[in-house]
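What follows is a single chain, given as structure tokens, in the form predicted on its own.
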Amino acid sequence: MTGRITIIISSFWVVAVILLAIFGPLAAPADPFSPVGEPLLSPLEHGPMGTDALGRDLWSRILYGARQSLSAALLATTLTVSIGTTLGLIAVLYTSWLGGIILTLANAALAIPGLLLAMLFVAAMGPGYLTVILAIGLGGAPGFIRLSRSIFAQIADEGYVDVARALGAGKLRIARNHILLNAQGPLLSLATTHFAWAFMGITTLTFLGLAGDPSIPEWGVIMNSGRAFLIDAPWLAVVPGALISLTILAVHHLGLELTDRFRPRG
């Protein structure tokens, strides 16, 4: 019962954040880049969340930040899933030297934690918001290659795939009509879990100042700019930090639920 309640709450939270990202900027009371009053006004002085150190409306920046953070995590996850699915499928279809090279490179990359690997990409390419998205997408790809390959390999061993192969079906036809078609559910749960990781990675790198532009209304950037005022204006860092944490937990719980739902039953 407790687990069911957790899933319901997580679902409501994810839907609320998505709606905030879509419609929030339309309802923002002010420009997130322009000052609207004195710096560090409290929520009681300038509702509903006060102003930041530059006098900008914090609520407007939070609304715009939902779209920035979610879209960045979605782009990074799309890159991870695209690379991981393609290379994982190739590694299963071509088990000769090509599949071996893919797995060897993926295993070598997995020796480095994904977030650290993403930071290495940013260090090599230079700070920037698009660089952060690219780095997180590439940093998550090795793990997705290994996990997707396991899913594809399990499906490739099923009897109906052997029948299709015996009837003369080519590798591309088997991949399209049998392996990918039957892997949609597990891949969806895997992608959901990776979205939570991508969201955490994006906000972590932007919190560290690697987005390049400190004026971007993004939750990690907003939390970073507010950490210097934890005593005088703690809401500047607490609000975006709480939003980030709750979103990661909600998406993670949904990913676990999908994983359990699509797990093969004995």
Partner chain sequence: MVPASHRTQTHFLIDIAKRVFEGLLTAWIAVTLTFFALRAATGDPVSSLLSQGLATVEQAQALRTALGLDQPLTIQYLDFIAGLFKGDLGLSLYTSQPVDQIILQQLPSTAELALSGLISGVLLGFFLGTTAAWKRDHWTGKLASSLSGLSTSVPVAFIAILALLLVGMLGQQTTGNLNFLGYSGLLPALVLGITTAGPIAKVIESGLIESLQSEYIHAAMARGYQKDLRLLWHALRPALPPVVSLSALEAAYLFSGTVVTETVFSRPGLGRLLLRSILEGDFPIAQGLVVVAAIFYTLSHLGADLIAMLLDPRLRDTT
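From a predicted model like this one, the values you see are computed outputs, not experimental measurements. Residue numbers count along the first chain shown, from 1.
Beyond the structure shown, there is the form predicted in complex with its partner chain, which is absent from this document and is the topic of what follows.
Enquirer: Of the residues 21, 254, 248, 14, which one places a heavy atom within 4.5 Å of its partner chain in the model of the complex?
Expert: Looking at 21, 254, 248, 14 one by one, just 248 meets the 4.5 Å heavy-atom criterion.
Enquirer: Heavy atom within 4.5 Å of its partner chain in the model of the complex: which of 238, 54, 36, 28 fits that? Just give me the one.
Expert: Exactly one listed residue reaches within 4.5 Å, namely 238.
Enquirer: With the partner absent here, would 114, 223 and 227 each sit within 4.5 Å of its partner chain in the model of the complex, counting heavy atoms only?
Expert: So, yes: the whole triplet contacts its partner chain.
Enquirer: Which among 197 to 205, 28 to 36, 56 to 64, 43 to 51 is in contact with its partner chain in the model of the complex, heavy atoms within 4.5 angstroms?
Expert: That would be stretch 197 to 205.
Enquirer: Is residue 119 one of the residues lying within 4.5 Å of its partner chain in the model of the complex, judged by heavy atom distances?
Expert: Residue 119: yes, in contact with its partner chain in the model of the complex.
Enquirer: Contact between residue 110 and its partner chain in the model of the complex at 4.5 Å, heavy atoms?
Expert: Residue 110: contacts its partner chain in the model of the complex.
Enquirer: Please tell me whether any heavy atom belonging to residue 210 falls inside 4.5 Å of a heavy atom of its partner chain, as the geometry stands in the model of the complex.
Expert: Residue 210: yes, in contact with its partner chain in the model of the complex.
Enquirer: Taking heavy atoms only, is residue 105 within 4.5 angstroms of its partner chain in the model of the complex?
Expert: Although its partner chain is absent here, residue 105 would touch it in the model of the complex, with heavy atoms inside 4.5 Å.
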